[in-house]
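Taking the form predicted alone, here's one chain by itself in structure tokens.
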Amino acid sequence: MTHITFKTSLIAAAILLAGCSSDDNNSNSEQTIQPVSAVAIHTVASDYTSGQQVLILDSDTYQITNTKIALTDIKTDYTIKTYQDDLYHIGRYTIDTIEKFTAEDMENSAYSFSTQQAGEEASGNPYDIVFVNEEKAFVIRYGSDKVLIINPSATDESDFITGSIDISAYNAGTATNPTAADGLINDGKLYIVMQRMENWVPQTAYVAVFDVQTGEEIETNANSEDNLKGIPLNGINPQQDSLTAYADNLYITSNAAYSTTDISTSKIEKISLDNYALTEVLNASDIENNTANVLSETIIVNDEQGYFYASSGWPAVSNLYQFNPSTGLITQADVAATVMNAEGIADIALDTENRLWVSVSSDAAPGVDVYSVEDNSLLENRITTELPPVRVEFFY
């Protein structure tokens, strides 16, 4: 097994920042531009029982240089997150762990700590880690009414969880948690989007806003008719990777209720980061001849260019679209060849070098396609993987 060597000049430079990742945890307008040193690709068997891998890819040659975390355990509900040059392996439902790998040793984990607080019996189901810096981050948990505050650099488990944020005010009806699906930090504020499931029926989704330093919730005054401080959405059922920020707006992608026939409730909306005003950008019914596909993850390149993908059925077949975030106009369909090949998309990610990475979750030809956002040309023939890729993350 080859050990990957990161670009030490980047590490030595004092300009390291949060890794630009699939869910874009920081506004790209505030990022210092720096090149990608490596790419992590998380793959999982389509039956979710036979294994998973994390592949490390050289970002210049597109060659896989390392295979990490090759498991055959029946528990495969994992995801990954990177921060600077560290990799975090997140065990989700009933696993409830975060395992850290550092640039100095990608062969052996630095730690594996529980994400369950004392007394918690039901799985917290950690979905995402949102980083403030090397010593502070938030863990968004789908199965809990508490967002964890952690120290990612802790060396002892007793020092790992340092606090929590209570989001139980957003529980819907008889639900015991608000099913938080994603988080993002922008300009000192933590944004958390919640599906607010009740008996697996999504209620009005909300985005809550917290001060990063104090953990106190911020009153947005978005709705005078409720007793909640957050922002109610019109789109229903936002999923993981549903938040992205660009310039003065927070974009939210919602998936619609399960098995719905009203695809117009699957939307891309934006919240003004100045006054929290909510505006619809587009919805799934705006797609020409679309009767079933609902929207997934959104990437914003600039004021006039963004991407999202839409899918339906199982196994899913997905279409990658280019659109104008300012007008909501869809400017190109079939950016990728996934519809023609009857393939699904599991993740899209934009790196700092204007490359769009598309995880193609085909059983027949799984892998990652890389496109230039300058002209939507394919930069590299499919980077093939043994198992379908479900997430792409970047090291800087």
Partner chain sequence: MNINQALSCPANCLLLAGSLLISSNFVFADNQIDDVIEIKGEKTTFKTNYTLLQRQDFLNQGVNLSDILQKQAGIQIRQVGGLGNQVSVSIRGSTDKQVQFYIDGQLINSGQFGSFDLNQLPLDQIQSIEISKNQAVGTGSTPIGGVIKINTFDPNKPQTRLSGAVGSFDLAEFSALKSIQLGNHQMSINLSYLTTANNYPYKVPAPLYNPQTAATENLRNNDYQKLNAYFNDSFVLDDHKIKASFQFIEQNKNLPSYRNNSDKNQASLDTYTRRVNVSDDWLIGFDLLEQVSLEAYLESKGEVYQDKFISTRQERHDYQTDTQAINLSALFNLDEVTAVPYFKVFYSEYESQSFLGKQGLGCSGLGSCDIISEQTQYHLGSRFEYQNSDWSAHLLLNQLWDENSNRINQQTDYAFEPKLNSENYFTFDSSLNYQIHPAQQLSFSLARGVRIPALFERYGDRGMLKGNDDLQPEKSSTLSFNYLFKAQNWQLNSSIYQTDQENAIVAIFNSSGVGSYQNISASKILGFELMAQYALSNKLDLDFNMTLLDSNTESNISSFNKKMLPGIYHQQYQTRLNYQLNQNIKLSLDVSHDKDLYFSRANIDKQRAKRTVVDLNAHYQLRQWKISLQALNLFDQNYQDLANRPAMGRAFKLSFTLEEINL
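Residue numbers count along the first chain shown, from 1. In this text, all values refer to a predicted model and were calculated from it rather than measured experimentally.
The same protein has a further form, the form predicted in complex with its partner chain, not shown here; the description that follows concerns it.
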Which of 34-42, 324-332, 339-347, 58-66 lies within 4.5 Å of its partner chain in the model of the complex, heavy atoms considered? The stretch 339-347
Handout entry: Partner proximity in the model of the complex: D363 to its partner chain, non-hydrogen atom cutoff 4.5 Å
Key = yes
message = Can you work out whether S224 and its partner chain are in contact in the model of the complex, taking contact to mean some heavy atom pair no more than 4.5 Å apart?
response = no
Even though its partner chain is not shown here, does A122 get within 4.5 Å of it in the model of the complex, heavy atoms only? yes
Is V373 close enough to touch its partner chain in the model of the complex, meaning at least one heavy atom pair within 4.5 Å? no
Its partner chain in the model of the complex has a heavy atom of only one listed residue within 4.5 Å, and of I165, V301, V201, A277 that residue is V201
In this chain shown alone, the residue from A172, I263, L282, A316 with a heavy atom within 4.5 Å of its partner chain in the model of the complex is A316
Applying a 4.5 angstroms cut-off on non-hydrogen atoms, the residues of 94-112 near its partner chain in the model of the complex are T94, D96
